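Only one chain comes next, encoded as structure tokens, the form predicted on its own.
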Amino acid sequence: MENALAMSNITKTFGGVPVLIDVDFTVGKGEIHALIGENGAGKSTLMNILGGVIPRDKGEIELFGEKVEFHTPAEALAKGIAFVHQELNVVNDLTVYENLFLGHELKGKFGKLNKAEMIRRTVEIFERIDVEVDPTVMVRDLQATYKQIIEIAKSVLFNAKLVIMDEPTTSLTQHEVENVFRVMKNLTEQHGVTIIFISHKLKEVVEFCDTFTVLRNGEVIGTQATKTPEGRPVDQADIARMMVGRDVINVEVYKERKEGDILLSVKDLHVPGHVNEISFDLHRGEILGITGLLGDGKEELARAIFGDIRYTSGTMELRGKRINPKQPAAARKFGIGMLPANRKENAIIKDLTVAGNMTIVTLPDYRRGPTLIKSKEYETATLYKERLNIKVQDLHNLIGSLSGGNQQKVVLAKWLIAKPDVMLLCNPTQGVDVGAKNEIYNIVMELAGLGMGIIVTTGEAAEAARICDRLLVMYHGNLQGELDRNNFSEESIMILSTGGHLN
């Protein structure tokens, strides 16, 4: 097979610390090639070098038989490389079509913007990936899922020859994931486009990709096809073992616990357009899952409990007392914490250090009058860095220097330090590798064992099955059904989440 890309002896260090060590990475023309590894293994760094985002220290890059060196993303784009980044790079104050054509606006006579043509082509792109999005709506009004779809649509719009997708399906539903991969297959088979796919979802890797390369600690561990010579998918456990160096998929994380009294009681909670009179109880030490398809209200339910959005009717009681948090600060004082689904927009403060992000919720604990006791703050941050195995060279680095998965751990650490009675975890392992998932699951189990009540919203049946005691399934804002742990199955969850009923 002719190579689309050959990267040879790529080396990169940050502050004297090696991130990539003599990496050789080759991708065949027209294939979907997965690049996988733990958080911090060097995947995004390697692709940022290819995409002209950061320079390499040494090594060579050959693109479609031509030696290249990119100093800016614009140079890479001019050579046919499109980059769908892990973090959303949309402008909230522009419309959908304006985001798609930002920097590449279509103009008519006298330099006037051709809005009609940009809108028409935007609709055409969304039809190709079978997604309904109004091209004239403001991006700030979209859920994070659709913001990611805009990022994917950009690469389709400009007919790139090589597309780098850095965890593009993290916040998508299964139906949308299938649509995206259908489009990807069409691009590779019909148009010869080459796709590099970075993901922690090994199921997607073996189902949709042709080959995969594993990075561990900045070095290539191996490259192979996703199918055996007999046509069977490679065992996901074997891939995970290559990534981490030990078995992680088959490790049991669920632990039996004795649940306590009712901690949080929600009665007839209503959020207009999202949640319709939902009631449930959460016990001390219980891990309660809430699932459903995109837009069925699980995230809005969690946000209403946390005071991030207002509910118009219904009541909440915490420890037997009526509460009505009208803003997150009030929920925090009541003893409720929340890890939101959209890390970049709602969880991290990009201009703060890693330590600063960890301690921001409990900042008064590190003050003496107006003075911040930095040594105490650093001591706490160091403790939780080690507890959650956060990969960071210096806690004084900005949080943006971390991989997405390590950022997620920092956000979780922030709330563990605060020690709330009720913890809302929205897609808690989003963008986290298989090894780190187990670490987070074990922490969740530990917290539940200590009596914390935990609500987990997730779109993954496998995640619910690994950690939840009970599962609520939503459909169009309604509570469609409830499953206890012994009755979890993908089939039952799908029946309920699509409006069906179980016997």
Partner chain sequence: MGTTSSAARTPSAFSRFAHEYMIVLITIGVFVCATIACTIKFGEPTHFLNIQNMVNILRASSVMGIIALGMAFVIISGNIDLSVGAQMVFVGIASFNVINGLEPSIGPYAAIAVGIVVAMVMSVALSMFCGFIVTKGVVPSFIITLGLSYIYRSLSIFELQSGGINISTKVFQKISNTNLGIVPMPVIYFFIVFAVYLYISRYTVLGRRIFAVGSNAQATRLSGINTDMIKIQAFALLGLTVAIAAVVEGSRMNSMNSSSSGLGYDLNTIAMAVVGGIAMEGGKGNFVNVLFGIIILGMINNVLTIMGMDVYLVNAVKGGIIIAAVLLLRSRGKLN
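Predicted model, so just to flag it, every value in this text is computed and none were measured. Positions refer to the first chain, counted from 1. If you superpose the two forms and keep the largest set of C-alpha atoms that fall within 1.5 Å, you have the rigid core.
Not pictured, yet referred to below: the form predicted together with its partner chain.
Among heavy atoms of Pro340, some come within 4.5 Å of its partner chain in the model of the complex. Its partner chain in the model of the complex is not approached by Thr228, whose heavy atoms all lie more than 4.5 angstroms from it. Its partner chain is not drawn, but in the model of the complex it has no heavy atom within 4.5 Å of Gly103. For the chain shown alone, Asp351 is a contact residue for its partner chain in the model of the complex, at least one non-hydrogen atom being within 4.5 angstroms. Every residue in the set Pro328, Gly356 and Lys374 has a non-hydrogen atom no more than 4.5 Å from its partner chain in the model of the complex. In summary, among the residues Met474, Ala41, Ile455, Ala34, the only one with a non-hydrogen atom within 4.5 Å of its partner chain in the model of the complex is Ala41.
Among the residues Lys112, Arg367, Lys255, Lys321, the one placing a heavy atom within 4.5 Å of its partner chain in the model of the complex is Arg367. You can rule out all but one of 436 to 444, 65 to 73, 47 to 55, 24 to 32: in the model of the complex, only 47 to 55 has residues with a heavy atom within 4.5 Å of its partner chain. Contacts between stretch 332 to 347 and its partner chain, counted in the model of the complex as any heavy atom lying within 4.5 Å, involve Arg332, Met338, Pro340, Lys344, Glu345, Asn346, Ala347, listed in sequence order. For Met47, the Cα coordinates differ by 2 angstroms or more between the shown form and the other one after the core has been superposed.
With a cut-off of 2 Å and the rigid core superposed, Ile198 has a Cα displacement that reaches or exceeds the cut-off between the shown form and the other one. A movement of the C-alpha atom of Leu483 falling short of 2 angstroms is seen between the shown form and the other one when the two forms are aligned on their rigid core.
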